[in-house]
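Let us start with two forms of the same protein chain, each given on its own as structure tokens and named structure 1 and structure 2.
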Structure 1
């Protein structure tokens, strides 16, 4: 520890320089277990913040929804009673509609495109989110595209999809996207999905490969199709009120740590997804890859973008975000 000399009442006292600066507690909430890519990103962020702030910010991680559900904690981050959180984008949309552009169907169709879009949108989003929700984004995680699983047949084209009973999250974008493909999707709470698959109430669902493994969907599902319509994305958000109370050097350190932790988390997610795919094949599932007529799926879903505008920040913002995504992904090889 470095020391400086302080003269007080004629006496020389030695105190640590860290005591001269205000230290801060930064509680970081998320809803996952320690082996999940979300926690891996959180742990990396903690490490980097410690390094870049010389310990002036103490990141304390609370996983498995210890501080409340994702939406409950987001409200607390908004008021500043909790400093930060990593959560699914869809659970932030009710507070911060503008971030819903990350959920537009087929806004990107590869992880490379998704990363470029996330990075391009982070700055413009941080001009909007403090006013909408009292938060800002320090980094953006992804955990892979939501793939379609089912127990009935291999889905190689949009015709194969017809008649299947597919569960979707209680999210209007997901519901309307599946309707555009000719289905009547079944919104269902997550806790009900596995027993519904067991009992045949539903034929299938859509989530990342890693979720298929962790939920043991191989026991009740046989087929997987990579529909690429939506990637699981999750921002690391911080309370704007708390962030603005920090010295500028600490803000810069958080920004740097957030970007680097997100990159680390994305790499971990890619590795975990590859392992999950191999595991599912070994456990007997059939992976079909992308539909042979994926253009039809994309055309039908992208036609809905304007109808979602009022839910996610307005038509002008959707158009602007679309241009930013197009520019960011223009030179990425498919």
Structure 2
């Protein structure tokens, strides 16, 4: 009997010790609905983090901009009042200029190139972003090329584009790129885009096919042009302050889960993009393919690259990132 008592005491001491290990809540914000690859990545990340940390980190997902617009939440991640977010690179650039090297128009011709670039840049970005923006990257999602949609007319060439009220994300690279094509674009938070399309405040927008489907843009848009100027890339960022407060085994678990969840999200996006494109056409949208004068669009936008250097981390960083991207993509066939 005495022996049993000792065992019981030992067991209760052990239980007491493990109950004292600190548990953490990790809110993960994003701006998409549940049928979008962003949410698919978020859900995978939640599953993996809880598995790799034995439940010591409880990931709680808040989609559809519930916690605020992508740019607002990025500010909260910086201060640590929200732990993490998945967002479009273009919505992080104003806070974290160095990540803008992924935003140069027509820099990538395939998703494979974008993956190689994102993977090569993640380490170097994590040397820069904590100081620049109070955040670090755990994984990098890609969702295919951004395509232009509008409700007014088929855009087959740069002349058809003129006069359209097109919304762009709130960063100078997007704004200047559309200006180079002769437009005065309307920068607007992502959360406001659907109602603005519905009310006719804007005629069009640009985002990947999967987003056009998950946002039901076919209800308010009629025409699609594959302008292919930019691939949607978006990091899963975590607050540096919060990350540094964690034990190193938890940090390792987050890094592993972030990389794996990004791979999973990219694969989901690859399989859903074609399906999304077909379903938009089936639902009545007119698909024009690439503009017939695509070289004009490319020439105008590429001419801006050097003028963007200061907004994307400065000339030295742009040169370094350019070398890393060139090495990483060298063996990918065009």
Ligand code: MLT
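Residue numbers count along the first chain shown, from 1. We call the rigid core the largest set of C-alpha positions that still match within 1.5 Å between the two forms. Quick caveat: nothing in here was measured; it's all calculated off a predicted structure.
Note that the form predicted alone is the one shown as structure 1, not structure 2. Relative to the superposed core, residue 181 undergoes a C-alpha shift of no less than 2 Å between the two structures. After superposition on the rigid core, the Cα atom of residue 285 is displaced by 2 Å or more between the two structures. A displacement of 2 angstroms or greater separates the C-alpha positions of residue 159 between the two structures, with the rigid core held in common. The shift recorded for the CA atom of residue 302 between the two structures is 3.8 Å, with superposition on the rigid core.
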